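Take a look at this single chain in structure tokens; it is the form predicted on its own.
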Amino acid sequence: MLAKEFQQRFVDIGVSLINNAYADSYKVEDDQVSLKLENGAVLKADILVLGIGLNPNVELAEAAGLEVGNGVIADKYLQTSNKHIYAAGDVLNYPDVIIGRNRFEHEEQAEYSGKVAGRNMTGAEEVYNHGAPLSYTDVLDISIEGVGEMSRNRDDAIIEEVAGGYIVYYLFKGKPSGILTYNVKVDMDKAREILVNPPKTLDELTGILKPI
């Protein structure tokens, strides 16, 4: 439902969308870009924007003999396989208290993990338990925020309509694994609390988060 609404906002302003088609290659000729799709179709454009993701730069960590794997492997104190070296930021792969070992590429992750790593370097022995960093985006007049696992490890969802927007509770094995808000503001720390300590029944989920 939300995906269709999100897509329709673009259609309404004249954007042409091509679904279920993957890019194969592109080339530039005479100041114009030709994008070839896997189905053989070719699109012409003046500008091509690539959103292809990234791979964590772990070369320095590897050279230092640290354990790596989708980032630099660290424990709950953000300590790497070398007890004298700590990891933080986008490269950090750590045991998240909500969704397990993972790596996040988010502003909030860099901010909070950097602070904890810094304190632990001075002997604080603080467990990094911030839990599933906040992800957010603003597109057109749509505001989206989320915490937890919203793309993998989910088998159902509960959608609650609130104050002209929506709160989506993603479920995995009968428990909330991620929470997304669509055009409604809520206390995202409270959302994290729900993921860490979910209510006894799924019926109790709706109504917990209030618009702010």
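Sequential numbering from 1, following the sequence displayed. Being a predicted model, the structure only gives us computed values, none of them experimental.
A second form of this protein, the form predicted in complex with a small molecule, is not displayed here; the remarks below concern that form.
K.L.:
Report the stretch among 57 to 65, 158 to 166, 34 to 42, 177 to 185 that approaches the small molecule in the predicted bound form to within 4.5 Å, counting heavy atoms only.
P.N.:
Stretch 57 to 65 is the one.
K.L.:
Would you check, heavy atoms only and a 4.5 Å threshold, whether Ala117 touches the small molecule in the predicted bound form?
P.N.:
Judged by the heavy-atom cut-off of 4.5 Å, Ala117 is well away from the small molecule in the predicted bound form.
K.L.:
Within a 4.5 Å heavy atom cut-off, is His106 in contact with the small molecule in the predicted bound form?
P.N.:
Yes - in the predicted bound form, heavy atoms of His106 and the small molecule come within 4.5 Å of each other.
K.L.:
Taking the small molecule as it sits in the predicted bound form, is Glu126 in contact with it (heavy atom to heavy atom, 4.5 Å or less)?
P.N.:
It does not: once the small molecule is placed as it appears in the predicted bound form, Glu126 has no heavy atom within 4.5 Å of it.
K.L.:
Even though the small molecule is not shown here, does Gly131 get within 4.5 Å of it in the predicted bound form, heavy atoms only?
P.N.:
Flag for Gly131 set to no.
K.L.:
Find the only residue in Ile99, Ile73, Ile85, Ala110 having a heavy atom within 4.5 Å of the small molecule in the predicted bound form.
P.N.:
Spelling it out, the residue with a heavy atom inside the cut-off is Ala110.
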